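Before any questions on binding or motion, here is one chain by itself as structure tokens, the form predicted on its own.
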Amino acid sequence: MLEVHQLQCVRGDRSLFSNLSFTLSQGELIHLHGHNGSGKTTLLRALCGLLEPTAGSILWNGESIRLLREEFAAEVIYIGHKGGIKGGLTAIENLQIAAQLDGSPITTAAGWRALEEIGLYGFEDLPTKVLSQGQKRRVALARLLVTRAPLWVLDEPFVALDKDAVAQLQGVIQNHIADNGMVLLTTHQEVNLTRGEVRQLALGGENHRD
């Protein structure tokens, strides 16, 4: 379980959000809402331990993620809206390096299968700088097909994807939830996120509790 208690994040002299408390359990998805500048990306990065909140606590199975560090890092996968793709590397190289950093190293054969499944057949060994934005997004999202992390934190995962890719990603998320995984994501698109448990969380005020 992921537990957030009285969280606050500040940018400059402005509080993005405060008194934010919620939980996320197995088999659940939280859809995060908020206008631009409300702190959605800041919250997602804080939940992954990538930045320190101003106040409050984030617990994983009852322990602070600050104390768990590498143990927690192996339990969560974060895909930001930029994807973290290195243009000078091929799709397969990007996927293998990302999987290694995620704590879920894969074989070359497994990487090629994942890229084919995500719709990149024929583009696996091309430098990603020559790929379209949608193809680059698929390279980043291929990590979801090979990770063992139970917690997925996804910032605008459907951006730049065509209709078929959106439907495919919806299925990947649905399967993860059905396998007792956990997902927290933000998206501006109208998509059928999952047939399972979906909860809504909105940012934009000073006091929040889901």
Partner chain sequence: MIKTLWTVVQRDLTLALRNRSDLISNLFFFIIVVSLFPLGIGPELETLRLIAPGVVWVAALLASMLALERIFASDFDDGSLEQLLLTPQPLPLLVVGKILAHWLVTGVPLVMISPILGIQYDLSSDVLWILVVTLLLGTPALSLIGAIGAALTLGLRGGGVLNALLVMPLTIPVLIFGAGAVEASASGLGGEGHLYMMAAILVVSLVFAPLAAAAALRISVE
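Positions refer to the first chain, counted from 1. Values in this document were obtained by computation on a predicted structure and should not be read as measured data.
The same protein has a further form, the form predicted together with the partner chain, not shown here; the description that follows concerns it.
Taking the partner chain as it sits in the model of the complex, is L185 in contact with it (heavy atom to heavy atom, 4.5 Å or less)? So L185 does not count as contacting the partner chain.
Please run the contact check for H31 against the partner chain in the model of the complex: heavy atoms, 4.5 angstroms, yes or no? Residue-level check for H31: no, no contact with the partner chain.
Any chance L89 has a heavy atom within 4.5 Å of the partner chain in the model of the complex? Residue-level check for L89: yes, a contact with the partner chain.
Closest heavy atom of Y78 to the partner chain in the model of the complex, within 4.5 Å or not? Contact with the partner chain, yes.
Thinking of E52, G83 and I97 as the candidate spot, does the partner chain come within 4.5 Å of a heavy atom on all of them in the model of the complex? Yes, the whole candidate spot contacts the partner chain.
Interface segment, criterion being heavy atoms within 4.5 Å of the partner chain in the model of the complex, picked from 40-48, 168-176, 22-30, 55-63: Selected range: 40-48.
At a 4.5 angstroms cut-off on non-hydrogen atoms, which residues of 127-164 are near the partner chain in the model of the complex? List them in order. Contacting residue: only R143.
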